[in-house]
Ligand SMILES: NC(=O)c1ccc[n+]([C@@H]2O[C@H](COP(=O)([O-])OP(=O)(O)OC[C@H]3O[C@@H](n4cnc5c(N)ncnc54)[C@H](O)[C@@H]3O)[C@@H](O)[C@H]2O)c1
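A single chain, nothing else alongside it, follows as structure tokens in the form predicted alone.
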Amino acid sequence: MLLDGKVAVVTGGARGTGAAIARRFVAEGASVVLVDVDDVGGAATAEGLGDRAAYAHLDVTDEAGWTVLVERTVARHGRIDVLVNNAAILHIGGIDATDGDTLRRVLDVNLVGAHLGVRAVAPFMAAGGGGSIVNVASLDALIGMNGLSAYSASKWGLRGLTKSLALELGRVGIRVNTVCPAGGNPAMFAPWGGGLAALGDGLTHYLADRGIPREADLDEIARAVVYLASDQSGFVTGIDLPVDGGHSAGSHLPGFDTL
């Protein structure tokens, strides 16, 4: 029960990685407010997690919405101990297929939304003696990849936000860290499913280049978030925690170590 008694807000909690994080948090003893714009999915996920989970509608780009959410959460629970900025959108496409409006939308959700969340919860965390903020980035925040300029820019920016806020908020007891998974909600890739399938061996080789040649499953990502949210990581702040099977460590050349 690593999160016993803690109160957490998890964005993008209706499905995928966010739902897995909320599920693991409840299993570890936390009370969770999961937020999303998918009201049907969010309410169903919260209902399935029992009395210690609740759903609230929130567009993370809405600053006033953040204020209302945080005030209502504190009114109900008395405090907020953990914020997980997980809500994100994906765009895959070359520079010619990524116009300014697309870039701005990805940055608004993935980066500005996280900034607004921290800005809203930080005063209440500080007043309560501190807390933990976990920003969910990506392997694509550690290494570059073609076709992901907008998404990578947002996630690299999230790492920069994390490091600056870790220094700014550490003196009031708030830790800020980033998780960088190689994997996540498969539904994010659905609009490009046919194109990804056509990559064939290229996609297979991409996964095989890792020390552990597969994607992280959602619960593996959630357990990493639990660690950073818990008191087990009490002196850990400003880090990027890869959950990527060693992908960001370098390249694996089959047979090279047997020459």
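As the structure is a computational prediction, the values presented were derived from the model and not from experiment. Residue indices: 1-based, along the sequence shown.
Although it is not shown, the form predicted together with this ligand is what the next lines describe.
- The listed set V226, L49, V33, L58 contains one residue whose heavy atoms approach this ligand in the predicted complex to within 4.5 Å, identified as L58.
- In summary, among the residues I143, V74, V172, I89, the only one with a non-hydrogen atom within 4.5 Å of this ligand in the predicted complex is I89.
- Shown here without its partner, the chain carries V82, G131 and S233, none of which come within 4.5 Å of this ligand in the predicted complex through any heavy atom.
- Listed stretches are 114-122, 149-157, 96-104, 164-172; the contact stretch with this ligand in the predicted complex is 149-157, by a heavy atom cutoff of 4.5 Å.
- Not displayed here, this ligand is kept clear of N177 by more than 4.5 Å at the level of heavy atoms in the predicted complex.
- Among residues of the shown chain, D38 is one whose heavy atoms approach this ligand to within 4.5 Å in the predicted complex.
- At least one heavy atom of G16 is located within 4.5 Å of this ligand in the predicted complex.
- In the predicted complex, this ligand stays beyond 4.5 Å of every heavy atom belonging to A126.
- For the stretch 129-149, the set of residues having any non-hydrogen atom within 4.5 angstroms of this ligand in the predicted complex comprises V136, A137, S138, in sequence order.
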